[in-house]
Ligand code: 3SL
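Below, in structure tokens: the form predicted on its own, a single chain.
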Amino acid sequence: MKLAYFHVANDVPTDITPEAAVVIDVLRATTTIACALNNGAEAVETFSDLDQLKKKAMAWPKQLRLLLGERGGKRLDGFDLGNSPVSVSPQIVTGKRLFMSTTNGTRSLDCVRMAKVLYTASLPNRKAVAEKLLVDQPNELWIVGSGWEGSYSLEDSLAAGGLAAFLLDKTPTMIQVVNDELNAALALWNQWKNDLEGCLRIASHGKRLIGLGNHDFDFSCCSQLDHLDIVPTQVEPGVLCAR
């Protein structure tokens, strides 16, 4: 399995469709997606365009939909929820479709939505996604971070390194790291793997969230390693379900 890591959506080649892709947005979209599906959401449908989201959501039964929207770390006006993994409790999301748009994560999902196989990963479901990949055995895997408005993010590279480290540990002779971005992510993982929350808090986006208010529960949730046995899987373009 050949592994490559791309820091942000704009780094992803546009002339090639990957066999398999994993999108990561630790703070907080892919953590929220994993928690929502784990807590009983019917599906999470993601959008980079807000007008498309609203049009699609309005065609869904009102009692079976929730709108999740965030820009700059803050919930969008008129949306039911923002982008926090602790807000998608079973009481709120069970049986509902979540229509979601965020500053960064949904852009990365959009750029690889035509991949043959597409999953989302975060620290809480790292092991579950890695084990699914070991079963799938794609020849090529693109790991795509989300960053912050087109710029590198520490926490996404941390999780990318964590995912690659798990795969290398389980099947070292079957894994080939093909770019320096992933080698750097592996080095970052080795430096911070015993203090994941500390890494999230020193990251620029972590500091941004701290500046917006008390997000201690988000930091705690987003840094729980291998806590969820859920693999968010694209079942049609933009639609993620639990697997």
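So that there is no doubt, residue numbering starts at 1 and follows the sequence shown. This structure is a prediction, so every number in the text was calculated from the model and none was measured.
Omitted here: the form predicted together with the named molecule. The next part is about that form.
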query: Close approach of residue 148 to the named molecule in the predicted complex, 4.5 Å, heavy atom; finding: yes
query: Distance check, residue 162 to the named molecule in the predicted complex, heavy atom within 4.5 Å; finding: no
query: Exercise: residue 27 in contact with the named molecule in the predicted complex, heavy atom 4.5 Å; finding: yes
query: Any non-hydrogen atom of residue 73 within 4.5 angstroms of the named molecule in the predicted complex; finding: yes
query: Interface segment, criterion being heavy atoms within 4.5 Å of the named molecule in the predicted complex, picked from 137-145, 98-106, 120-128, 163-171; finding: 98-106
query: Site check 83, 205 and 209: each within 4.5 Å of the named molecule in the predicted complex by heavy atom; finding: yes
